[in-house]
Each structure stands twice: as structure tokens, then as C-alpha cells.
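Encoded as C-alpha cells, the following chain is the form predicted alone, with no partner shown.
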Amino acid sequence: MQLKGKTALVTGAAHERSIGWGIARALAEEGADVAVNDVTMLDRLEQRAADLSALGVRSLALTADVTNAGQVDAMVAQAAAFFGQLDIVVSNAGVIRWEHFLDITPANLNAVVGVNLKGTVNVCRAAARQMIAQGGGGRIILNSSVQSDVQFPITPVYGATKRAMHIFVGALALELAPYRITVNHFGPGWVQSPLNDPSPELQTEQSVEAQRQAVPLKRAGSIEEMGRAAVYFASSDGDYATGAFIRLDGGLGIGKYSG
């Protein structure tokens, strides 16, 4: 129960197969009270909150569009008021579109940049302001991607938004260190989550097997494993980590060099 007495907010956590849910559940299993967010799907969010409450923690379901700064500010304020404080914020919400560079549509460009960059900025800014106002420090954690380090075709905009997290997290870590707020991110590789369901590489059993063989550990990652990375950064184990990145990809990023 490393996080007993702590409170958290996780964005993008409505779906039971999502990394956001894996994070929320992992934090709750360590004793944290957890607010879960998504842009819609209130019924699913309320079910996730009920599942967390069954673990013996307080939980709250909050809908908000992370691309809307006003909604994000209101969400963070509501979570802090409900719990009495907000110690941990995980910016997990993200979108991806599989398009060749020459085929990128304006709508998809705006969606990916809007959620992955603008949305992350909105969530982190609201979190930092709340943590500074209440004093006592805090933990800001971002779910980025293996694509922070590795380039893949047909996701150039998504990859660019995730590569940007290295700079963004490092800059925030420096700015927020005087307030004892740490900022870190972790990068999932292939996880069989709703986000990845539309991937062209996962549409047949043969393509799934090919993807599996491309990973040195020969399997997809689990949402539970992603959640444990968030626990590390949120707990006392991660006290001295800030501006850090953990790549959780089963070796996918180095796979081309493996035998």
C-alpha cells in the first residue's frame, strides 16, 4: 500500500482494456484514491469508479475534453475538492491515426496534435497549478510511447507528438522542481488496448503473430505492466526521478538489433 493517503487523477481511463484503466487500478491497488476521466462514456467511467471503490478506496468519475482548457481546469478543481487535495496526475489520454504522410487529413492532424500535445499541456498545467497552490509537492506522470524513441511509418504525426514529450517533460521537470513536483513519462510499446485495435498490423491472426515475433520478448505488454510504471513514479520508489523516461516495449525499440 505504497500510496495510501494519496489522491490521483488519471485521464483516458473509461475502457476496461485501456492503459488508463490499468494505471488507475494499479494506483488504487496501492491505496490511492483515484478519479478517472474520459471525454465521454460516463456510464463506463462510473463503472470504473465503482470497480475502484470495491478495492476500498474513494473514486470519482469525471468527463472532460482534455483539448478544452476550461474543462480540464474544472475537472482538476473538482477532483481536488472531492478528495481534499491532488497528489498525482497521470496524463494518459491520447489518440493515434494510421496514415501515410501524403494522405494525412486536416481533421486527423488536428485530432492527434490536439489531444496528444494540447491536451497534455492543459492537463499538466492544471495539475501543476493545483499542486503549487496546495503545497507539499506532487507527481505528474505522462503516458507517451515507444515512439518517443523509435520511428515507425504511417504514424508520423503521432510519433512527432510523442517525441515532443522528451522535451516537454524535461522542461517541466526543471521548472517544477523548486515546488517539489516531479515530472516523468513512460513509453508503452505494443499493448492490446482499444487504442491499437485499428492498427493495420493487428487485423489478422497472421499479422498479430508477425507483430509478436517482432518483439524480443515475443508478446504484447499488459495494461497492468503499464500501471506499475505509473506506481513507480508516483511512489517513494520514484522520489529521485524527475525528467525521466521508461520505455516499456518488450525490447521492440532495440529489436532490429537482436538475433
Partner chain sequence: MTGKRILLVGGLDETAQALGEALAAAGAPVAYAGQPKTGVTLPFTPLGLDDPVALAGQVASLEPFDAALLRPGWRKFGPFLDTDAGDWDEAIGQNFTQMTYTAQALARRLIADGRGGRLIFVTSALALLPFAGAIALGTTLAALHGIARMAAVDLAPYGITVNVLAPGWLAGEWFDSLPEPVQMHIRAGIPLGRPVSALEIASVIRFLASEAGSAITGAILPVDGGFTLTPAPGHSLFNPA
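Values in this document were obtained by computation on a predicted structure and should not be read as measured data. Numbering follows the first chain given and starts at 1.
There is also a form predicted in complex with the partner chain; it is not shown, and the following applies to it.
With respect to the partner chain in the model of the complex, the three residues 103, 118 and 125 uniformly fall within 4.5 angstroms at the level of their nearest heavy atom. In short, of 184 to 192, 90 to 98, 75 to 83, 155 to 163 it is 155 to 163 that has heavy atoms within 4.5 Å of the partner chain in the model of the complex. Using a 4.5 Å cutoff between non-hydrogen atoms, residue 177 does not count as a contact of the partner chain in the model of the complex. A residue is said to contact a partner when one of its heavy atoms sits within 4.5 Å of a partner heavy atom; residue 146 fails this definition for the partner chain in the model of the complex, lying far away. Proximity of residue 172 to the partner chain in the model of the complex falls within the 4.5 Å heavy atom cutoff. Using a 4.5 angstroms limit between non-hydrogen atoms, residue 69 touches the partner chain in the model of the complex.
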